[in-house]
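Taken one at a time, structure 1 and structure 2 that follow are two forms of one protein chain, written as structure tokens.
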Structure 1
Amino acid sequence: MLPEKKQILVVDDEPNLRKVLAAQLARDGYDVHTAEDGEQALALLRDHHIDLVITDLRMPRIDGMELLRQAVEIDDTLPVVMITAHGTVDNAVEALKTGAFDFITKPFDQSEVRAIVRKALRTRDLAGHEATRQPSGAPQADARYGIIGMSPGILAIYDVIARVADTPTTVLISGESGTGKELVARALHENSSRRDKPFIKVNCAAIPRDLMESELFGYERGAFTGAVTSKPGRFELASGGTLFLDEIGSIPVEMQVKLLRALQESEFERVGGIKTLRVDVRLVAATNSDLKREIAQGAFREDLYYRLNVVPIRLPSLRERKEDIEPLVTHFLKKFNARLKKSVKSVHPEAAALLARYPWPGNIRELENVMERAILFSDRDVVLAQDLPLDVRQDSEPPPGPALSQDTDASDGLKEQVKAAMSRLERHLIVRALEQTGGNVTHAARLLKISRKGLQLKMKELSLRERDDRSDPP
């Protein structure tokens, strides 16, 4: 049963502000919950049904941005409105980019607050939330841990997460780019008793080779030129929590020895330090390269590999689990409707067929981007084939070959056949571009990366008339 009144959560470390805002919202007929920081707020979100969060940006420990990120993970259609001080536009813009619904400035303007709250709650209803909401705490039918999917490959992963999340065991996650490795790493952390401690991510590919050691283990004052103070490394920062080493395959070999020792003995020294430090850290590593091959090439140490690979999780590519495309599409529809304030309700069967056929080299990240773009540009309540990028529309189509042609004689030589096929392809691409731009030649030319003049010439050559641009190729 859904509560009758809409439930609003107000988060601010400043008691007076909390009271003022809560009183106004209660007067307007909402049920109001309050929390004094991000941690309290998250606890409330996990246990209660909340329709809208209004949070201060600057708070101790978990701040508004982090709260936003984690709240969306718990419930991705939940609108979050940020409170910002007057004149801190940068923060507000950053928050909007991260997916905040809107922001209100201090001191509050009652009618502004009222309008934003109404709009946010309406958007949430439009996102289909009422219809699809599960009783609080129950897993969605096709998702667990914020990971969408019902394919055998994903079910096996839910199972491993459930088994190993709350253990100290090291996990090595592998999979192509965009398959959800970071999502799984966070799920392991969130479902362990370490969830209230830090989750520290290190992208090993992004750290220059000679800074790697001080990044991981920290340094003492005077350890090298420029070390004017001492600084803890990521291992220390993750103390009691989880350290996520992303792209572990790009750690230089000499660092691999040090990492192995830190893992095996649970101890290390800061650069330039003599004191041996011990920390309790759970390690999760991820890679999109084949570490076995790196080992064969001498780029990755075998002993470190076995130390990391205690529990391997291999994420299947989206190609290997096409049955998950549909639930993912539904999930992204909801997510981006809420985020982009749109109300696109469904995907046209023709577009759905294209999405199902495309090989998704960028996996779920690519599907997510395609859906975001489609919803952003859609001006109807359904995603049409023409809202999808050319890549998706083309790679899904059978290649234009002699078998499809009516204008090529099989007795033609290879050269002639290729030429005819090329001009069919060219014509096809041009017609598609024109369709996509509603017949606007200038825009179509831009899409095709040729000049307007060039496109007009081509169209003439292929006997495509400018006003006849929506007809199908013969």
Structure 2
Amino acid sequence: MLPEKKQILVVDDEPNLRKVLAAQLARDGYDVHTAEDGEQALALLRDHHIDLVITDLRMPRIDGMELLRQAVEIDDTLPVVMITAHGTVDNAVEALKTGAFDFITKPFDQSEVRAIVRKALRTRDLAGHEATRQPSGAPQADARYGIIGMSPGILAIYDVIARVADTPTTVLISGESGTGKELVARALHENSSRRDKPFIKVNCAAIPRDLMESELFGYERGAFTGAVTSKPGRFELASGGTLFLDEIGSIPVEMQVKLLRALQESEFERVGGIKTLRVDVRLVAATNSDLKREIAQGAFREDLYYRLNVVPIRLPSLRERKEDIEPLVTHFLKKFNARLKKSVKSVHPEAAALLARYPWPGNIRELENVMERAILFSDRDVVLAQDLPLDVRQDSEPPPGPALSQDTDASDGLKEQVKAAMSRLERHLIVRALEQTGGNVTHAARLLKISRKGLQLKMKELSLRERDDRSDPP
């Protein structure tokens, strides 16, 4: 089955610009919705699933800034790209500090638009939803800093946040994908004296290598083809606040030297610039890879690692904090009842037992997706076992091994049984990783913590056909 097209909403009061931009995006393979002002755009956002909003800054009735604020309230993971004229670049920079993903200036270059759109959609796909974010309202008894859980590992993280949040110290957050690393980074920012300043997030894995420097440090007009105006980088935008570098291990080695200097000296130059800029930035970094192994392989600088790893925070996987599954499920019941306008009151004990036994390779993000799907398709006021996905129902129990033959030696039978069970387990884990990454072998290998080549060999051994491995899907 072909993947669903991404849905992009273009908002501008100029009909010609809407038409031109919509036509380009449609040629690039996206489904495009258009609106002539923020009021129409908000109606579309409430009635349709939208993956990206591209909006003009200045519009009648509801302008781009107000649309940005209300769009984030509807979906706090929705990337919003602002369109601005040369004279309003300062307003666009303010929009970035408010939460916009990026901005493009008129007249814009098609390649620039294409690159920003792909980067925004890739960032949304890689980040997913922050599963442990608190809903609005009174805090829950089992939650602190917007993080849900009272397991020993989470209690230890609460203590670290309390100690280091209001300091300039660099923090390195590690943990598997889907454990809530961005949530911890936001907790550090929001509980510091920088809370009223920008929190700027960069997903390093979503940025092409050749754009990394300009993304972090900005560029001057004419620095390269398509640089029709100067543009500040994320370090400048975060000045006075917090810069969160997610997937820090994806930064190219050649860029790590400049990053190290920026951290040590709090200064840098834009691409194509000669003026040295100074900033006051608190850095928080995150990774789901083993940086010490990356250092041994020459893919990550040791001096940068020690500069980042001043205060390490390791987020436990969900299978390490099983006691937190029940309060998380309760949280998601409330969240998705409100979002989906449902009235599911509880989870049946049989379904709860399955959720408790499942290993959750995708961690809290996977639990959130499972609960959203179960509530969406439930026709009752309780989630039953049959409402859960097949893999949750099957993988909650150990897979049955092949029966021993009566005329087979017991020791030989045991070896065969173990080998067959391991093969089935490997196959299942690989298939699930591919499903979670949309068939992307590179991302699946990262999730499984093996090399891409190793995964390809294992897929061949298990007769699994390699899927389309596009690292830059539309």
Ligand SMILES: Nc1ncnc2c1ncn2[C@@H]1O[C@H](COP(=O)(O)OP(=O)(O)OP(=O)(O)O)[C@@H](O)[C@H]1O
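We call the rigid core whatever largest set of C-alpha positions still superposes within 1.5 Å between the two forms. In this text, all values refer to a predicted model and were calculated from it rather than measured experimentally. Structure 1 provides the reference sequence; residues are numbered from 1 along it.
Between the two chain copies, the one drawn from the form predicted in complex with this ligand is structure 1. Remark: with the core as the superposition reference, the CA shift of T276 between structures 1 and 2 stays below 2 Å. The Cα shift for D381 between structures 1 and 2, taken after rigid core superposition, is smaller than 2 angstroms.
Once both forms are overlaid on the rigid core, the distance between the two CA positions of S317 between structures 1 and 2 is under 2 angstroms.
In the core-superposed comparison between structures 1 and 2, the CA atom of I430 travels 22.1 Å.
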